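Shown next as structure tokens: one chain only, the form predicted on its own.
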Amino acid sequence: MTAVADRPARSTASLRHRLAERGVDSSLWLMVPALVFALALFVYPFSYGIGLTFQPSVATQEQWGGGILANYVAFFRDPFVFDSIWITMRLALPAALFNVLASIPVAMVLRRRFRFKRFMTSVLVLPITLGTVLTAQGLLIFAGRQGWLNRFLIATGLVDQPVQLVNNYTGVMFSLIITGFPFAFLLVSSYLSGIDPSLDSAARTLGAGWWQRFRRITLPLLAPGLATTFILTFVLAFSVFPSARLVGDAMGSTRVMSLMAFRAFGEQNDYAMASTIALMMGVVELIVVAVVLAWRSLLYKGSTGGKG
């Protein structure tokens, strides 16, 4: 009798109730459309693209060898294609870093309340609505050889020849900054809104200057958000395509990886090589993201103490 009394009573709850206690209920069916969407538009195309990289064309195998790895051998041994990694990094890293650093003081100023604050914010985020193609077209009209800026410089006698500001590295960099800054600004602003203003007020009461308050309070709390902002703006800049083609030197100083993939796909009809270049783009991006996330993990991990 004692052994029977000590045995725990079997739960009389139904299987459905026991599953519901573990978060398994009929509401999970709502995830089915999302799973189908992810499988159809991401998992299958990604897997198919990886498979294509191991199906090199006959011409690629004859030129580079390597069997089923001929596409990878061609990518690393062809300097015209392989150098596109450094060309893309030379554009994406400075553009992302500039956008993040420039957005910090602007976001801190617009954090305050003053007249025309909403108007200034709207002007700063306006390039998001333009898109990269319209931005590139605007740069050609404004800074091209026959653009308004060069006409003004020549008319005022400041220069004798038109200044080359587009169809080169500078033109693409301008485009990346114009299109990437609004994203960085909005993200940094959202992270700043999560920092409790009373922390800054308390430090000011204790006699800390603006630089001390920024370096010892705002920056440590903001740094993890800056790392996330850098990652997003870097990925946006790394995949640049319209700007590099419209306001850059497509086969020269701005032959970024996306242009190399387009060249293999659209001009050479080599889908396997295009997939290889696209896959290597993802690998390079993942390496940079992993490095930034590793650095982010060393920063302050606590709560910002405010809203957001």
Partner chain sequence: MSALETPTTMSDAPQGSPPRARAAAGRPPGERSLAASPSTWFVWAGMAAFLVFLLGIIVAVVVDSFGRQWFDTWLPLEWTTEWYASSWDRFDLTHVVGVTVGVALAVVVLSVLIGVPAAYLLARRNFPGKRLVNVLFLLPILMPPITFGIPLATVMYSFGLGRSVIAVILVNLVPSVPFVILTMTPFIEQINPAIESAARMCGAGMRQVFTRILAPLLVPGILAASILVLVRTVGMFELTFLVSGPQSDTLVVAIYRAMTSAGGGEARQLVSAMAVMYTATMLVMLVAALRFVNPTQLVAQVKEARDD
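Positions refer to the first chain, counted from 1. On a predicted model such as this, the values are computed, not experimentally measured, just so you know.
Below: the form predicted together with the partner chain, not depicted.
Every residue in the set Ser189, Tyr271 and Ser275 has a non-hydrogen atom no more than 4.5 Å from the partner chain in the model of the complex. For the options Leu219, Leu93, Leu199, Ile178, the one in contact with the partner chain in the model of the complex, meaning a heavy atom within 4.5 Å, is Ile178.
With the partner omitted from this view, the residue of Ala223, Val133, Leu97, Met89 that lies near the partner chain in the model of the complex is Val133 [heavy atom within 4.5 Å]. For Val106, a non-hydrogen atom is located within 4.5 Å of the partner chain in the model of the complex, even though that partner is not displayed. For Leu52, a non-hydrogen atom is located within 4.5 Å of the partner chain in the model of the complex, even though that partner is not displayed. Under a 4.5 angstroms non-hydrogen atom cutoff, the partner chain in the model of the complex has Leu124 among its neighbouring residues.
Shown alone here, Gly66 lies farther than 4.5 Å from the partner chain in the model of the complex, counting heavy atoms only. Using a 4.5 Å cut-off on any heavy atom, the residues of 33-67 that reach the partner chain in the model of the complex are, in sequence order, Pro33, Ala34, Leu35, Phe37, Ala38, Leu41, Phe42, Val43, Tyr44, Pro45, Phe46, Tyr48, Gly49, Leu52.
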